[in-house]
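Below sits a lone chain in structure tokens, taken as the form predicted alone.
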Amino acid sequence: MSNTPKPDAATLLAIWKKATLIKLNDERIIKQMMAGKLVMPYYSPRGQEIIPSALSMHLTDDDYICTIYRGIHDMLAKGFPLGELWAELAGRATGTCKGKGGPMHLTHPAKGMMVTTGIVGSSMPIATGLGWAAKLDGKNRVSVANFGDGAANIGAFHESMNMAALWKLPVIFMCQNNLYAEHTSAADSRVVDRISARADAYGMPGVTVDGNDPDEVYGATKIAIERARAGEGPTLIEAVTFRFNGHLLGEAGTYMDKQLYAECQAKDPMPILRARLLTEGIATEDDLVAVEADINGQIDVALAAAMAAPFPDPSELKRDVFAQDLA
């Protein structure tokens, strides 16, 4: 990866800011759930903050992303408004889906955040369809499919990559490989060492990067997105990372290899990147503390507004379900 583009100082700081928003927001969600103030299924992205933060540096509001139930970090990195996010998490009418979607179905099409899906792997065919639409419209936009390593073993993965390659669609297949598919380790679910090797079968580039390294993720996604915008087709990127919480908040992750868990925690990308900003003179401690305080303040405001907002009217039960309201 030595020949790939690297972020400059300003971009590296911007990546850290996005990743810090994801981390602090995740901590606040968990705190609210533990206090009984939020009741919902929640899939923490802790440990995976760098991937969408670096990727989003190359995306515009016109570009599409699709993600999965563990995808709140993808949404925040692309600019999901905190107020509407927290209202949706709290099930309030002011949420982006009027409080009816919750964390597993976040959408914000105004900024290209098309769907969060609870169906494993379904982000890929949707993103492929959006890529096809972009090509038909002649618009210079890309479509990103975020998914996990488990989803790389289902049919939709292969079908989507085949179609995207065949029609040279501007799709980025971003596999966030956190080494566990729910409770199943990678070693127990596939033979190939690298998921990216599967790209060869479809005649598209495939690359594996350290998902905790902002330089590697930034460089690989820049090349892939520029290639897609130039009409050269899709790329499969495997960003190897680790999740620090269980599959679902509330389960302890006892199935995880203890030595691997300890090794990955020692490589937590957040303190490493923060220390790098200080060491390289990109920011001072006061600068970083001020950013963290500002983000926490934004979360305070969004949380307070969400809790003060009304719940959806009962009439919403049948709305947005059928083409027409039923009597």
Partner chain sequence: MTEPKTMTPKTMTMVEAINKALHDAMEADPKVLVLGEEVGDKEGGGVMGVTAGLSTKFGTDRVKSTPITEQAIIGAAIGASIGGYRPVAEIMLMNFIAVPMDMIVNHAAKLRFMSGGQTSVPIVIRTMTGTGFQTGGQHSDYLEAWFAHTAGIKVVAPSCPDDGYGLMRSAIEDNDPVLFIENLPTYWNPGPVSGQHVPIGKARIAREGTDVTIVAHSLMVHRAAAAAEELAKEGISVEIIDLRTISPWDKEGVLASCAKTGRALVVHEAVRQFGIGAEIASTIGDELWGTMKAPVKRLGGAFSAVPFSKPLEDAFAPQPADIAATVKLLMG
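Numbering follows the first chain given and starts at 1. These numbers come from a predicted model, not from an experiment.
Omitted here: the form predicted together with the partner chain. The next part is about that form.
Screening Pro41, Gly281, Pro271, Gly297 for any heavy atom within 4.5 Å of the partner chain in the model of the complex leaves a single hit, Pro41. Ile154 is the sole member of Leu249, Leu179, Ile154, Leu82 with a non-hydrogen atom within 4.5 Å of the partner chain in the model of the complex. Judged against the partner chain in the model of the complex with a 4.5 angstroms heavy atom cut-off, the residues Ile72, Gly231 and Tyr261 are out of contact without exception. Remark: Asp8 does not count among the residues lining the partner chain in the model of the complex, judged by a heavy atom distance of 4.5 Å or less. In the model of the complex, the partner chain lies within 4.5 Å of some heavy atom of Lys100.
The partner chain in the model of the complex comes within 4.5 Å of a heavy atom belonging to His183.
Shown alone here, Gly118 lies within 4.5 Å of the partner chain in the model of the complex, counting heavy atoms only. Of the candidate stretches 222 to 230, 146 to 154, 209 to 217, 170 to 178, only 146 to 154 contains residues with a heavy atom within 4.5 Å of the partner chain in the model of the complex.
Residue Tyr64 is the only one in 44 to 83 with at least one heavy atom within 4.5 Å of the partner chain in the model of the complex.
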